[in-house]
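Here you'll find one protein chain in two forms, each presented separately as structure tokens under the names structure 1 and structure 2.
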Structure 1
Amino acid sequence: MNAFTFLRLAPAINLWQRTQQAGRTALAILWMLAGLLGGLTGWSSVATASTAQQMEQAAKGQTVYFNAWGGSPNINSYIGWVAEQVKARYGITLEHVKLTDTAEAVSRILAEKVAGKTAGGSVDLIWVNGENFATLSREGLLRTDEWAFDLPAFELTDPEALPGLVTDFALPTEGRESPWGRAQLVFGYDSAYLASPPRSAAALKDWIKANPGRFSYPRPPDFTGSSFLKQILLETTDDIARFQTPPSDDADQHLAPLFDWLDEVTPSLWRGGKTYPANYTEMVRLLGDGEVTIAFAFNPAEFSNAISQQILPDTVRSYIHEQGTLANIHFVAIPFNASAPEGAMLVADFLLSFDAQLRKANSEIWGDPTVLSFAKFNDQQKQQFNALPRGVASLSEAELSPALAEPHPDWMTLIEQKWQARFAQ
């Protein structure tokens, strides 16, 4: 089936909704049939260009409310640039609804569903991944067609080389979310206090015990804190493959190495493990004040950005563990009741386009690694990526490998529960 079939259906369905409101159902059904026919009869090559145009036509003048975390000035100004671009290219007005927590938008979509608002919702595009995607998807709060696979820019990705593009935390995306960027757990240390950082879980344990009070992690179930636990889990276990499937009766035995590790280091953590930073931003602040020597973040450019904002001293450098660190992909998704789905798809397509990904990867702007495949670039494009500036505390693509795959999400829930019971009671 042609990749654009669903794109073609999208405006059809939307138009159907609108015409139905006007009472012109018959016309709408005709329109839908036409769309279906197009998909089934291989008009495709002719139809593609025209439906892409129709899509742009439908999107023109739409206002897309993009609900995305707004706590980072770099990301905000990047989204501001995207808004300028889509305005110029498609006549779309992109409004960044700055969230403090993605839960705010999830809760709003849920409330709309409870209240029976099946169209004209307040969220058009939402920045998600992992657990939030799983929840939105399970509760039927997302648009269910495979729109993301049909975006023209998706052609530039290579899901075979990067399976995370189509499986988000072991859950198939089924085209309900479109990849935006890559995140990897990266450690940062202050070289003023530490010459050579510990590059494995075992070395980190010894270092913490030798330097009490200079390390901590955000309190699980904070996302970054839980990710750190998973990182240690994957490094201390001798059966890494076991974590790709859900836990069963033998879970305790598989988690034992992690909790032994934690039991050993906890008394030597920052504040003796009696309290933990609330989130990773607080942990980064502690690094800036010299309270801790090592911190970590889920964005490879975090430490360079923090240095340029004077949050961290310029002696901070980053590194990853020898065995590799956890990596995942973040996406954008469209809620089931979005008011401007066509506009949202065009924005998602633009976010994935070469131009937008190139700018995003620039660490002076954001420094978020691209989800596009290098192999699919032409020479000039490769050169453009290779010429990107890198911050003093940023690692190169080569230094960032290997990456560890996320364990099955049920493990995370289990680890969080056990952590609460052991360290927060």
Structure 2
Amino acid sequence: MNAFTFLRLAPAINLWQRTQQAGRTALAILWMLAGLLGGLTGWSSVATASTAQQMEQAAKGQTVYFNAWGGSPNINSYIGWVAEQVKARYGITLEHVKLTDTAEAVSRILAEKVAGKTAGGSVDLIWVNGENFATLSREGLLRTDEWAFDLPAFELTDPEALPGLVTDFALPTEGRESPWGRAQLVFGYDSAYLASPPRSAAALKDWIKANPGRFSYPRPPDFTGSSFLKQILLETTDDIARFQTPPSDDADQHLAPLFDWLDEVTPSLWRGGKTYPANYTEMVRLLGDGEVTIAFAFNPAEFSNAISQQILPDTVRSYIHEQGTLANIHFVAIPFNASAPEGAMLVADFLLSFDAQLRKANSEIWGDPTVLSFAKFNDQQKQQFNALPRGVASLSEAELSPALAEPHPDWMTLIEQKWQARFAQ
């Protein structure tokens, strides 16, 4: 065994020891070893294929309860397609547990832990954002091995080019969640009524005050509503780097510009700021009904999708602010007590596969930008992505630049608490 081979084997041996101590199944250990040994030549691809087949055998017949937000018809339809695919490919039954707030599932997992339910949990796979990931990690509710890094499809990503694949809201993922899509806050407006939209927090404030009743945002703690507050925070602060670390005693001072902005615009919001849309889909419908002039979503293809569904007129266009807009990568995670961990891993791997990512990036289906690396595609795969319909209101990759990094998740929690105390009716 040469030195290079030993260095590649060392993490695998260590992981073998740790997983034995934790009592994990031999099949899971084999799959993790295959991922860590992927850099070895000669037999690595054979080993990966062999252990993947073993994992498929273990997962066959399992039912995976995928807890994911259920508020968007096109996303629900995509997950339905995923269910068809994993049933045909692996014999797995995928049940989409539709959530209005991911915190529902997080609370359920926590309650199971408190009750001592260390196996047979009700959640097998969960769609999480950075705030949820922080909570799940802090409470010890996730698998603690690096299972996500060992998925065969993870080889199609490039964490060096896209660091957000291994950090979530400034927290290292440590392989405890698997990426499956990119998101960025995008604004939409009806060009038939608004020639030039406001492209900064300051300009938006002035526009709202000059056009009372024509703007709103989803009520926090809705994810998109809270994300809008973070967008305004990052645009109004003079110390954006401060938000990459947790809040401290000076938090109120750093949040003051945000709440000053909100104090000024709230009386001029839709319905006088006394009520808010429940989520971004409701806000987009308000745009389609002509009740508001500007809306926003965390999906760059949202407005094109809504046009194709005749929710919005074809005069709606997308834009981002001049300083950029908030962007992140979303993930799926496996709870510590999942009933079908093998099936959940296979579903996560399929979500990250080329076929699933290609379909997800289609603006006529979802339009979620891929997390895969174009540099790792062959010519045919590149052509397939380049041929995807973009939609009349979708922005190109160049038009989505620059992107703003998510703050540390504790800021989101604090902002939501202070918003509730100040503006909740």
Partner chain sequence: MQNGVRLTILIVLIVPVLAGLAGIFLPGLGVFPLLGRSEISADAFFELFAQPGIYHAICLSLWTGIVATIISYLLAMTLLACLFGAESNRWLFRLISPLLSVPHITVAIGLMFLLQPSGWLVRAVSPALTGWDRPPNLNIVPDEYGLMLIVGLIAKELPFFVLMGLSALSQIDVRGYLASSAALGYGRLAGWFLVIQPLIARRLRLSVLIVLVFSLSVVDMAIILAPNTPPPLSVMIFHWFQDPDLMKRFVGSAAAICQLGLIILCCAGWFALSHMIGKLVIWIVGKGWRLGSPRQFRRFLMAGLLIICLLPVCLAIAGMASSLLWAFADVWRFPDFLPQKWGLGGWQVNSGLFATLVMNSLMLGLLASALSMVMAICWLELGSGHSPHSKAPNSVPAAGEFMIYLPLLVPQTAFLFGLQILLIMLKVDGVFISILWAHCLFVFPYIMLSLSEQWRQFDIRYDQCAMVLGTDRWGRFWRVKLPILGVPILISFAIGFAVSAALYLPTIFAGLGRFQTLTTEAVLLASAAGRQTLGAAAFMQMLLPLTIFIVAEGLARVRYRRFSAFRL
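Residue 1 is the first residue of structure 1, and the numbers go on in sequence order from there. Nothing here was measured: the structure is a model prediction, and the numbers come from that model.
Taken from the form predicted on its own, structure 2 is distinct in origin from structure 1.
Hinge residue, chosen from Thr315, Val166, Gln57, Asn328: the C-alphas switch from fitting one rigid part better to fitting the other at Asn328 when the forms are compared between structures 1 and 2.
Comparing forms between structures 1 and 2, one finds the smaller rigid domain rotated against the larger by 14 degrees.
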